[in-house]
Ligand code: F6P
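Below, in structure tokens: the form predicted on its own, a single chain.
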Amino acid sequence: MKKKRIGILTSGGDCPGLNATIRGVAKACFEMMGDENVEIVGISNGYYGLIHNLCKDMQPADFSGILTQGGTILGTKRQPFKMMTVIGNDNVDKVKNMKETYHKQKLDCLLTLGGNGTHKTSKLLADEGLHVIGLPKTIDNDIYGTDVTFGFHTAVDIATDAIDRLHTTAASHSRILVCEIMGNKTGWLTLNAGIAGGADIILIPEIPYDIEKVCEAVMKRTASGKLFSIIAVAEGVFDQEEALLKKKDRARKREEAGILTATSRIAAQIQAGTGVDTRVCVPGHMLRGGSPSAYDRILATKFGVHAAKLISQEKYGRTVAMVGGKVTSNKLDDVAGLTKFVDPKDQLVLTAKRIGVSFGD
């Protein structure tokens, strides 16, 4: 068997399960092809490390004890896709440098663990002739072509726990508590955590809200004797008027109005419209930190094993996916650059509505 030299990088935001996936790939490669036939090169800080040749040969022992570890042992850094082909003031040709690093390190393939931006750059490199395999990572669960991404379920658990803890304090003070959950473009995390945490109102980017209807939902609860409400809000939400604007116009309008975040505006509008004391809670980066859940450890391992299988079969230009409960892979050409949005008629949305949850629409 020809020796395989495999480069691995983690790019974009961190999340629970990155190390578990790295471990799954490495252990499966060693098991399937033999320790003597596999060399793994760790690339530091994502594509930045590939651009600047920040690489080191790793040993089997490097992959022990990391199954439960959060973050990434390789480090990560954001390298926006739209700037990949732009030569800036540093005069660095990023694409040229990445290709040179790949060949200097004598790599047979490159594994890229990341989200939508990572996958777009993976496709760019595949189009440049490199052997690339992607692995879908993001707490947003918005990568097209896969039912789930590793990191998502852990983030749902953490967000759900945050919402759980708001119920008692909201009830004690007869307040409305608005929990802002990560999700700039899509609402999968907020939708799942909102349902699991018993939120009364869920606001997501895919369903632009009417603030009057949100206030009506709060007042309806008050009239029925329920003196508090929990509202789960995805950070990227916008109202029905903003939905008619382009992204840049929407941002400019908010800046002119002095709006810091959509969530803070929603809280202020609810308090003004209902007279009920309204506060904001932002779990923020806690959703991305800490040890992966049991589900994500298993999923990451399955994804890693499938990536190792693709390497052994020399099937490149693909990204691992879960479809219908089965681990498979998609062509990078078919999924890179596409986003998986929540369908307003998705079964989860309908489920929430049928138990009385308002989406402000």
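Quantities reported herein were computed from a predicted structural model and do not represent experimental measurements. Numbers follow the displayed sequence, beginning with 1.
The protein also exists as the form predicted in complex with ligand F6P; that form is not presented, and the subsequent description refers to it.
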### Query
With the partner removed from view, which of 258 to 266, 285 to 293, 68 to 76, 103 to 111 is the stretch that lies within 4.5 Å of ligand F6P in the predicted complex, judged by heavy atom distances?
285 to 293
### Summary
Interface check vs ligand F6P in the predicted complex: of E242, D157, E235, D200, the one with a heavy atom inside 4.5 Å is E235
### Message
Just to confirm, with a 4.5 Å cut-off on non-hydrogen atoms, which of A193, I139, I143, L135 contacts ligand F6P in the predicted complex?
### Response
I139
### Task
With heavy atoms only and a cut-off of 4.5 Å, decide whether N184 touches ligand F6P in the predicted complex.
yes
